[in-house]
Each structure stands twice: as structure tokens, then as C-alpha cells.
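Before any questions on binding or motion, here is one chain by itself as C-alpha cells, the form predicted on its own.
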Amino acid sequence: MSEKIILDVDTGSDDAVAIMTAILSPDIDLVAICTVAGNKDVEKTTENTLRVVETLGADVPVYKGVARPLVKELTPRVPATHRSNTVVDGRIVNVHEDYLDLPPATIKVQDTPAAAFYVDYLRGAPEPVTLVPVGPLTNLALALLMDASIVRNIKRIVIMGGGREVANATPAAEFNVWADAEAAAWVLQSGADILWVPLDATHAAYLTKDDCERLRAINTLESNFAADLVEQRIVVHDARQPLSVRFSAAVHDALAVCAVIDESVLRDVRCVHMDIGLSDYAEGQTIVDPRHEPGPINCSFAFDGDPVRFADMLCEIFTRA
């Protein structure tokens, strides 16, 4: 039986691969997609989401989410790494372009804001549903602030975010959590069953140029577009943040979707106590308690990922589609 999920995205390149994976997988029943500001402003992330959904001909409603974090912009904060342009062979290559290279969307978002959709849907859901937020957690935090009781109809929250040994926004923090640390803290404290898919796992479960060739060999619109996006990410990774294997890239958000289908794509998943840093240089840090007697267990955290299993899963999903 397929797993009912709601995706929450800030659609750039890896979100697009995640959306396609969720739509194409027979093991996923994609109930809805919510959008949020993150990689780009919410207008762009929403348009990019609509482009992917329409290109695939999917009957999936899209709900536009919030444009700003809960409180972050009200006080001065430690700045994140400046996302400057990457110049390779004289041309600019960005990990996330403003707009995906797909036809402009003609389909529209739903009238209901994303947070209100969460509340309405989860209040009346006939069975618990899995939530897969792969951008900042603002929409979900706002929904939980509106009605904390909706947690009873959340089966699990699989979050792409955080990092123990790896960071990419500040020296301590991953971007999705740093972008709205207060929202991440609200979600973490909600009492839901939470699995974190952090940078430690996504950088380990990389995709390579050979994996892109496997996707191209499938030769569908979706597989070729996924290969284009991954190859673009490889160029940027090699120039700015090389992984353990040359000519490889993390495709963070797609790994979270694959973890819903088969958690064995993650390695070294531990039940831990974790807190979210909210100030100074710890802002947005996912602080996994390392003590011999840690605080109460409040989530699961993947410390590693399986690159072979991840690539095989994507190729299988795109081939079956």
C-alpha cells in the first residue's frame, strides 16, 4: 500500500527531483505540495513547483505558503554564507536558478494558504499522514501554533535539514534550519515522530556523473530533466564544496523522499535527544546531545547515507514510471 505524504518545498533543483520522485513512485501517494520561501522567494518557489507538477501532468494540489520566517527578520542575526555566483569555464552556474528550465505554469495554486491547509486536512484526515518538509519549517510550525492537536494525525515527519558534522549556512548550521530556527524548534517540540535527514546523510548518499548517465539511459522527459539538474549540482559542488568522491553531488531533498519509501537508504539512524540553537553562532544548529546520559529522546537522526541504494532507487522509480 502506498504511503500518503504531503511535501513541503522551496523548489530549486533538488526539490524538483524530490517532487518528481514522489509523483512517479508507486509507493507514494502524494496528497498535496506546500511551498515556502527558502532557496528563492515564495513566488519563485511556488512557480517552480507548479512547473514540475504541470510538466508531469500530475493531479496534485499546490498550496502557497509563507514568505518570511516566524521571527527571524525582527532582530539582527549572524549572517549566513553569501551565496555568490559560481563561475566555471567562464560561465555562471548556480545550484538553484530563479526558475526551472520548464514551461511557465498555467495551473494555479489553491486558494487556501499552506498552514491553513495543514490544519484543515489534518483535523479531518481519516488516517495519519507522513509529512516531508524539505525546506524551512515555517508552514508546519505555523499550523502547529494554530492547532497543536493536529499532531495526532501526523504519522511521521521526515525532515531534510540539519547536520551534526556538516554545515552549509553558517559554521554551525544547515540552511533549512537556519532559515527559520524558531520554526524548527516548534516542530521538534511538537511531540511528533520525527526523522531528520541531515547533511551528514545527504553528503554521504551522493549521486555521480555515472548515475546521471544511468538516468539519461532511461530517456524520459523526467529522467533527462533529473540528470540535467544533478549535473548542474555536480558542477557547483566540485567548484565550491567537493564531496568525498569527485564529480558527485548531494541531492538532499530526493533522499528524504526515498527514505520514506525505504529507510535503508539511510545508514546509522539513531534515536537521539536534539535541540535547535536559537541565538548567536549556534542559531539554527541541530545540537545532538552527545552525553552519556542525554536528555529525553525526541527524534531520530541519520548520521550516514547509502549512495548505491539511493542511485538505484531513483533509477528504478524513473524507469518504472
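Remember, it's a predicted structure, so these values are computed and weren't measured experimentally. Residue numbers here begin at 1 and follow the sequence given.
Absent from the display: the form predicted in complex with a small molecule. The rest refers to it.
Although the partner is absent here, residue 220 lies well away from the small molecule in the predicted bound form, with no heavy atom inside 4.5 Å. Although the partner is absent here, residue 180 sits far enough away that none of its heavy atoms falls within 4.5 Å of the small molecule in the predicted bound form. Of the heavy atoms in residue 158, none are within 4.5 Å of the small molecule in the predicted bound form. In the predicted bound form, the small molecule stays beyond 4.5 Å of every heavy atom belonging to residue 189. Heavy atoms within 4.5 Å of the small molecule in the predicted bound form map, among the stretches 167-175, 144-152, 206-214, 120-128, onto 167-175 alone.
Of the candidates 227, 115, 199, 100, 199 is the one whose heavy atoms come within 4.5 Å of the small molecule in the predicted bound form; the others do not.
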